[in-house]
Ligand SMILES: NC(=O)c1ccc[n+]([C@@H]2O[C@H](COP(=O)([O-])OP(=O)(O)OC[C@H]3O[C@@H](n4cnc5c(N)ncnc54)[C@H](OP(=O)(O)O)[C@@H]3O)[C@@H](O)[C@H]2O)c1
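Below you will find one chain, with nothing else, as structure tokens; this is the form predicted alone, and questions on how it binds or moves follow later.
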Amino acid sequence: MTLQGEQVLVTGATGFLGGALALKLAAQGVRVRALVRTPAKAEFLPPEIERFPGDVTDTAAMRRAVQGCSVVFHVAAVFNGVAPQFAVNVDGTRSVAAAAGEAGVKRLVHVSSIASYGVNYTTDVTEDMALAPGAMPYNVTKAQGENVVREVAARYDLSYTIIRPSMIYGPKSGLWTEQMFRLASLNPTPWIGDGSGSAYPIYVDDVVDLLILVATHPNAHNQAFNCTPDPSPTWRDYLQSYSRLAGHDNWLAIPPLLMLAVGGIAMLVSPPLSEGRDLPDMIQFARRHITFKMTKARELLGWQPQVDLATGIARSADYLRSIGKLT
């Protein structure tokens, strides 16, 4: 089954992942409606993509936006600020899901995150393991957003699929390409210890491909899937792939005990719902060897990530050159 000729809605279509998804869908002959909150951010979208003004927190606008759509891709999310994250990642998800349910769409594809699992697991993580987001607002709101999807879907008998990507990198990625390249460019590159703990970079094209696949796959009905590298590379693999672009491979191992001491102080002075509250656990997590398994996607969908780290970094290098970050 394909979406060619179908009308779909993409929230977050002016962002990194949502934009890549909207462009790929349009190239496949799908009729794409992009939810646009800030028109200036939608200038890169080609004219064949419909720009629909609205915000996920506006229930009336969402009801209008989903009309005539067979699939809704809910990609929009906020990453900063406690109140904005709850407003968009939880209440906005409720608005999107309810509108989709009322309109009778065939499937809601919701983008969550492996952050919803939290940072306290010490073994490989599969989709049947409990969400334990901890105190970080993003983790908490993404976990609550998943609960909202299930709750609303049950009320309307709405078919849904939840995707849990990890560190999405590639062209136009602000955090996992531009900022990580900036960090890796420091000579030597500073990180916790020897960098042998697991990192979770997933190339943007892989995430887009999985989103499109689950929109129509019968085995994706009411399922959640990790979208991560399996097996996981190390932080040193990941960061030094960028540092070599910058012309060096020197490493500065920051003593873990020093980092934990700083994290402990941050925890003591941080509010209950904050990144600082979980900082010691985050530092320990970055040192563990853990994979978020892709077995379920392989078995139910016949799918696994296709872009290895070396290829993804090479494609990212072209983008970094295009924006003047790499010569």
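Just so we're clear, the structure is a prediction, and the values are computed from it rather than from any experiment. Sequential numbering from 1, following the sequence displayed.
Quick note: we don't show the form predicted together with the named molecule, though the next part is all about it.
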| query | finding |
| --- | --- |
| Interface membership of Tyr160, the named molecule in the predicted bound form, 4.5 Å heavy atom rule | no |
| Contact of Lys41 with the named molecule in the predicted bound form (heavy atom, 4.5 Å) | yes |
| The named molecule contact at Val56 in the predicted bound form, heavy atom, 4.5 Å | yes |
| Contact of Gln240 with the named molecule in the predicted bound form (heavy atom, 4.5 Å) | no |
| One stretch from 180-188, 112-120, 143-151, 128-136 that, in the predicted bound form, holds residues within 4.5 Å of the named molecule by heavy atom | 112-120 |
| Single option in Val75, Ala99, Val105, Ala215 placed near the named molecule in the predicted bound form, where near means a heavy atom within 4.5 Å | Val75 |
| Candidate from Lys293, Arg287, Arg37, Arg33 lying within 4.5 Å of the named molecule in the predicted bound form - any heavy atom | Arg37 |
| Candidate site Ser198, Leu309 and Ile313: all three near the named molecule in the predicted bound form by heavy atom within 4.5 Å | no |
| In the predicted bound form, residues of 1-21 near the named molecule [heavy atom within 4.5 Å] | Gly12, Ala13, Thr14, Gly15, Phe16, Leu17, Gly18 |
